[in-house]
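Just the one chain here, the form predicted on its own, laid out as structure tokens.
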């Protein structure tokens, strides 16, 4: 099979609002991203995935789109987008945009017409969204159509007085869900997508791609996710978009979906799939939840790490896709905590665990996605006040925690541990005020450790986390690591992450102590022919019987 460019690429995710401010308003923008293209090229990046940049009230930082054809004034103009695409292409780099197909903002003209029965276009656009008449109890009191809960907490229904109906929103109430059973709505989304392709975009990451279909019988269920997530018909919609828009225009697509069977995985992103080229999956991203925590439940409940769960997720996806599809590897994105604070140690062993995390992920086969700031070991936020947070999800969930009996301190710690804002704090470019991100106070606070953790310092040190990422990404391309055959060793272990990756040119033997404790380990593989390529302690000696220090890891290579 002929290799596609995206199989050999390193993708870097840019959260535009927090990457680099170029015009002194405290908000990252396209000008700032253009300024830093050479930095990304030098790091080893081949493609840049840019978070939503469309016109938006910013209820959910741009995922609530009020005009698909306009660039948010926070980020620049369509001319800036064209300049970015041109400058990236001159450096042989691709540009990927987020494509939001599940919902719009409630301030989008479609919804403004849909909700107002006196609007001249009401009839046309009302069908673009999902509506339901109220239910009534025995006393005649108005009730929501179902008791489903949104992904952001709270009900999925919001009452609209003009039409005496509820509209469905599986995220924020300012993000009404689109009705994919409307042919006119689909035609408008296809036209919009083609317009962006014609601007020169090389691909898309399709947001919330497994939520496009809903159960139109609207049965009760709490939280009811099974009625608006991964319903079979959503595959038909994705195939339609692919056959009519994506494939004829030769753009790369990345879907986003939760758990999947082997059959579903191949349907999403098999080589003969009519949906996506690759799929972002989440089996490894919350492997430390505490199901006994009822004060800050769900993803907010930080517990002990289950390393086996992480390894089994990566192994499962590698095996499911096999030679019939292509895998993505990544640690986290804009919706999860910083990986160093999440699965590593952002205190005493910050540098060691950051390097360990790089070795364990980036020597695996597949296409890697590096999230901005990961390459310098950025950490979770240190915010002390609730109003320091910016994510709409935080405020709903904080109220939930308090109602469940959590104290303010417990609720705040859950936010510092798990909130999406952790991944969205401004990039720490230097030790200057505001971490070199902006000349003025940024839209959200810089993490307080920016004087110790910043790119400028790490460029000067061969021992830095940045230099580790740069060298590891170089290794990926030198030896065809993306196309290797991986064998996991001791998947059962809750202490060690160990695997072999055999490529056409070399075999890599990756060994990592994933704990903050000293551990004894007997290496199962013969060491003959291997040499030490990477280590996160300067005096590592690789022998058959080893005592691994906290977060100690190394990579061996054999031709």
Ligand code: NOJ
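Numbering follows the first chain given and starts at 1. Everything numeric here is computed off the predicted structure, so don't read it as measured data.
Omitted here: the form predicted in complex with this ligand. The next part is about that form.
Novice: Just one of 312, 264, 244, 335 has a heavy atom within 4.5 angstroms of this ligand in the model of the complex, so which one?
Specialist: Of the listed residues, the single hit is 335.
Novice: Check each of 175, 130, 212, 354 and return the one that places a heavy atom within 4.5 angstroms of this ligand in the model of the complex.
Specialist: Flagged contact: 175.
Novice: Since the partner isn't included here, can you check whether this ligand sits close to all of 6, 277 and 324 in the model of the complex (heavy atom within 4.5 Å for each)?
Specialist: No.
Novice: Do residue 240 and this ligand come within 4.5 Å of each other in the model of the complex, heavy atoms counted?
Specialist: Contact check for residue 240: no, nothing within 4.5 Å of this ligand in the model of the complex.
Novice: Consider residue 202 of the chain shown here, and say whether it contacts this ligand in the model of the complex, taking contact as heavy atoms within 4.5 Å.
Specialist: Looking in the model of the complex, residue contacts with this ligand do not include residue 202, since no heavy atom lies within 4.5 Å.
Novice: If we define contact as a non-hydrogen atom of the residue within 4.5 angstroms of the partner, is residue 433 a contact of this ligand in the model of the complex?
Specialist: The answer is no: residue 433 has no heavy atom within 4.5 Å of this ligand.
Novice: Check whether residue 346 has any heavy atom within 4.5 Å of a heavy atom of this ligand in the model of the complex, and answer yes or no.
Specialist: It does not: once this ligand is placed as it appears in the model of the complex, residue 346 has no heavy atom within 4.5 Å of it.
Novice: Which one of these stretches, 460-468, 202-210, 134-142, 291-299, sits within 4.5 Å of this ligand in the model of the complex when only heavy atoms are counted?
Specialist: Selected stretch: 202-210.
Novice: Taking this ligand in the model of the complex, which residues of 285-311 have any heavy atom within 4.5 Å of it?
Specialist: Sequence-ordered list is empty.
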